[in-house]
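Here you get one chain, nothing else, as structure tokens; it is the form predicted alone.
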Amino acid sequence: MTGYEHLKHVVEKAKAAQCVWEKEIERMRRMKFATICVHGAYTATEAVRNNHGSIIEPVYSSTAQAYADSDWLEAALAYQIPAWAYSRIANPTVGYLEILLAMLEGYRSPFKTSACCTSSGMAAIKAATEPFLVDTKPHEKKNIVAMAQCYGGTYRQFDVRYGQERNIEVRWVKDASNLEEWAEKIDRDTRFVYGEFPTNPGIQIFDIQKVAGLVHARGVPLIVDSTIATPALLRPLEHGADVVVQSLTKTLTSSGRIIGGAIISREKIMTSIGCEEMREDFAGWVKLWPYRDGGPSFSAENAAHTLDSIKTLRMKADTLSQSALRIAEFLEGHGAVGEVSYLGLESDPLHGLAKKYMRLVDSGENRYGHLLSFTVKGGASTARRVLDRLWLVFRATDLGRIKSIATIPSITTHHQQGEDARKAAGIPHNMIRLCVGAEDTDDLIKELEHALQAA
């Protein structure tokens, strides 16, 4: 026998079991968003069949999987049957999370979706972008197009790791609301286009549908980081994005106990780079090959924390958004505050565009997330004094927590990108970024009122 013909009996048995499970997953996909958050791929049938009836996803805290005989072992390592084999390659707990994320980002969409979890949000950005930067011929020109207002770590990855170290041209879009600027920067040498919705900390957005139209006309993929919105408020894939990046560290795991990331892709992404398998199922291809070889694996323990947190995602997105709007309205009316950036404010120049995209899933009501920023009158030293008077709100660089957190981005998250880049991103020294948690809104307003007495 040649090839894997001797494994036919193993493959057929594994496929039959997989078919049963896929039918259950497809049935779950037809449920409402909140139900999917709670159950995902871990149905009661799956619990009894494979996990001794455990009602919560078990933590497979093991490096490797054992097999009944050499045929099953060979079939698994040859990717002939579904298996996890080794936790750098895959893990059952992580697998439950990946299927859940694919369900949520592809909620009620007609196309298939897949996901791959990584060790951090930055690892997810790297895994989502590097495959498009391979050389297809000697000495070719390559460029990437991205929003200048992106997260500081993303800026460094593109500007330093890709731009300075690999001589890939990075073209920054300074006004993301200007479609002409996007169009001017995309050409035949562009490998991918990247945006955040909304950005951290400037709370900027862009018209995903229109930018996707521009991008796809050039045969280029659109990658969107929607960490702040989460699929409870926005699902970029349904608006034309090819790949979504999530920092699992942030809103999706609001407990603050893990570092992680994920890429989620739709089938048949737009690109001329790579093989047909990569274009057909990008996240799945990344997991099978670059992920396996690069090793940015996500632990089973961290996956379990994330699964637990996502179970209440829709409720949190609703509650935190309503609290953030009240706080933004309070800040907007305070004499010591300059500008307030929050998409829910009618005075925000991007409010109309945000109304188009940001809606609480299954309700149709507009919700604008938990993150806002504001400037303090009096300059950088006054902003520091205000930040230092906080007691209930934590001073930290983190966000997306169930606890409220504040920072000054110019001296923390965006310090390393330099003054010129901060100006381009609209991050002044007197800006405070506030991530609104689940504390009582009245208590948070009293806290801010006390802190602003230092201004």
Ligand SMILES: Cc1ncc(COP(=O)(O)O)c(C=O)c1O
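All figures in this text were calculated on a predicted structure; none of them were measured in a lab. Residue positions are given as counts along the sequence shown, with the first one as 1.
Beyond the structure shown, there is the form predicted in complex with this ligand, which is absent from this document and is the topic of what follows.
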Per-stretch contact check against this ligand in the predicted bound form, the hit in 294 to 302, 234 to 242, 203 to 211, 259 to 267 (non-hydrogen atom, 4.5 angstroms)
259 to 267
Is there a heavy atom of G121 lying 4.5 Å or less from a heavy atom of this ligand in the predicted bound form?
yes
Contact label in the predicted bound form: K250 to this ligand, heavy atom within 4.5 Å:
yes
Answer yes if any heavy atom of L399 is within 4.5 Å of a heavy atom of this ligand in the predicted bound form; otherwise answer no.
yes
Are any of the heavy atoms in L104 no more than 4.5 Å from a heavy atom of this ligand in the predicted bound form?
no
Quick one: from I125, V193, L313, V361, grab the residue that has a heavy atom within 4.5 Å of this ligand in the predicted bound form.
I125
Checking T227, S321, N91, S254 against this ligand in the predicted bound form, the residue with a non-hydrogen atom inside 4.5 angstroms turns out to be T227
Across 5 to 30, which residues bring a heavy atom to within 4.5 Å of this ligand in the predicted bound form?
none
